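Presented below, as structure tokens, is a lone chain in the form predicted on its own.
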């Protein structure tokens, strides 16, 4: 079986010819490469990829082939995946909670940077990791709105604690840096600006000169409406860093996950049934690839196809959309605008 059997010009071609009865995820490597270039050309610092968004080997391999060599990992499994694709890659372990065994594994695989938000985690790291040449980033959290959901609810410390953590990082001999995450699908450049000025204040209060500032991920992917313009966000990050740090500016790092990989994938689901009230039942739902939809803004970039792979057009109306399980909570939030002419198969 040749590789050509697995390559299609677009999802409609494959769906029209094969009509699979199971959900199918389609990957477009050229879009992933284009998105990486968009970040590398626009962001004023080091671009990394956060594997938590999609840790498939094919994603990592294509990013490495396109020139990416630094990755944000959150587990030993993700460390293994990157090392398999790029043995010399630089790894940032920015999940601030790690077991002793996970820290030992990271040490054995030459992880270069870690994040923390508590003294207990710093103590665990310091007991295993020699400080020379190792970066530790203190993670700040602020009550800032503007994202689809807030990442500060789980990780991060307030400004005063961050200052104390920075001082302890310095005392232990690690390279001091800071990081934050504005939350997923953040479209407001002001969120980054506020965080950057807060980080500068923390560093000044601690009396610590930062090596790097990791501005996290949170960059929006294209889910609805016009494609998000990342340039204003990149420009705001650059300008805010200059204003906040003046001549003591740290090197910048970003770690896009969703915004790097989302647009390179298309999910195809089948309409299994339409009930008498017009509600739609799919062969995938919130227990599968659509698990996140109840917690994030709706994705309105939908294309409805006939069994032959042709677009369904004409008037539309809102419908309830259910997944395939017997659970009543397996339902997409709100109602989805779908063509009147859809049919089940």
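Given the structure is predicted, the values throughout are model-derived calculations rather than measurements. Residue numbers count along the first chain shown, from 1.
Although not depicted, the form predicted in complex with a small molecule is the subject of the following passage.
Practice task
Although the small molecule is absent from this view, report whether residue 257 comes within 4.5 Å of it in the model of the complex, heavy atoms only.
Solution key: Answer yes; at least one heavy atom of residue 257 falls within 4.5 Å of the small molecule in the model of the complex.
Practice task
Find out whether any non-hydrogen atom of residue 139 is located within 4.5 angstroms of the small molecule in the model of the complex, and reply yes or no.
Solution key: Yes, residue 139 sits close enough to the small molecule in the model of the complex that at least one of its heavy atoms falls within 4.5 Å.
Practice task
Flag residue 301 as yes or no: does it have a non-hydrogen atom within 4.5 angstroms of any non-hydrogen atom of the small molecule in the model of the complex?
Solution key: No, no contact at 4.5 Å.
Exercise for the section: Decide whether residue 63 counts as a contact residue for the small molecule in the model of the complex under a heavy atom distance cut-off of 4.5 Å. Expected result: Contact with the small molecule, no.
Handout entry: Candidate site 50, 72 and 184: all three near the small molecule in the model of the complex by heavy atom within 4.5 Å
Key = Yes.
Handout entry: Region of this chain that lies against the small molecule in the model of the complex, out of 212 to 220, 199 to 207, 242 to 250, 101 to 109 [heavy atom, 4.5 Å]
Key = Contact-bearing stretch, as computed: 212 to 220.
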